[in-house]
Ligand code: CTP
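This document opens with one chain alone, in structure tokens, the form predicted alone.
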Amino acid sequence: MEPLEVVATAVWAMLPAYVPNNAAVLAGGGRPIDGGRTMGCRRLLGDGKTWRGTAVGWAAGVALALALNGVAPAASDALATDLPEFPIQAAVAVPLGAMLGDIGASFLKRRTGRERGAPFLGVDQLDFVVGALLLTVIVAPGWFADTFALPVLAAVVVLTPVLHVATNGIAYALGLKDEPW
């Protein structure tokens, strides 16, 4: 694979994982998933993880994956590369895995004494990637194997933190987030 093809495939395949957490923030509020329950003296997840945000984020990711399928042929022609289309299993798994990865990171943050919004280097940038990839390899293993060759996985791991920091900085500057990470 040529470098442009690797980067295009990595970004394209991960777009439905990149969007859900942003959509969840825009959904705002709702009932916390943990219902206020605690483990020890700390909340399981906190007020930032809500049923509405999770549902909206997941739905936005699925909608994006399906929309990408509609433009994949034209985008592939424009970029002179073969961009992957999302079978329904992958269209559902990628964004759901991203949301579950983010929820898992919140659980880890609470267990390590971090409050909502506190930075957790590495985890904050890759939690949703790990969740998306793990669920996808379980639910759509053939698509995963065809799409995420080693160079594409490496590009995802390198590009995602850069994109994550940039988009969070923009959201912070626009007043959509309380912290820039």
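Model, not experiment: these values are computed from the prediction. Numbers for residues come from their place in the sequence shown, where the first is 1.
Separately, the form predicted together with ligand CTP exists; it is not shown, and the next lines address it.
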How about R116 - does it come within 4.5 Å of ligand CTP in the predicted bound form, if we only consider non-hydrogen atoms? yes
Since only the chain is shown here, I'm wondering whether V25 would be in contact with ligand CTP in the predicted bound form (any heavy atom pair within 4.5 Å). yes
Tell me, yes or no, whether I103 is in contact with ligand CTP in the predicted bound form, where a contact means a heavy atom of each within 4.5 Å. yes
In the predicted bound form, T50 touching ligand CTP (heavy atom, 4.5 Å): yes
From the candidate stretches 150-158, 40-48, 61-69, 137-145, select the single one in contact with ligand CTP in the predicted bound form, where contact means a heavy atom within 4.5 Å. 40-48
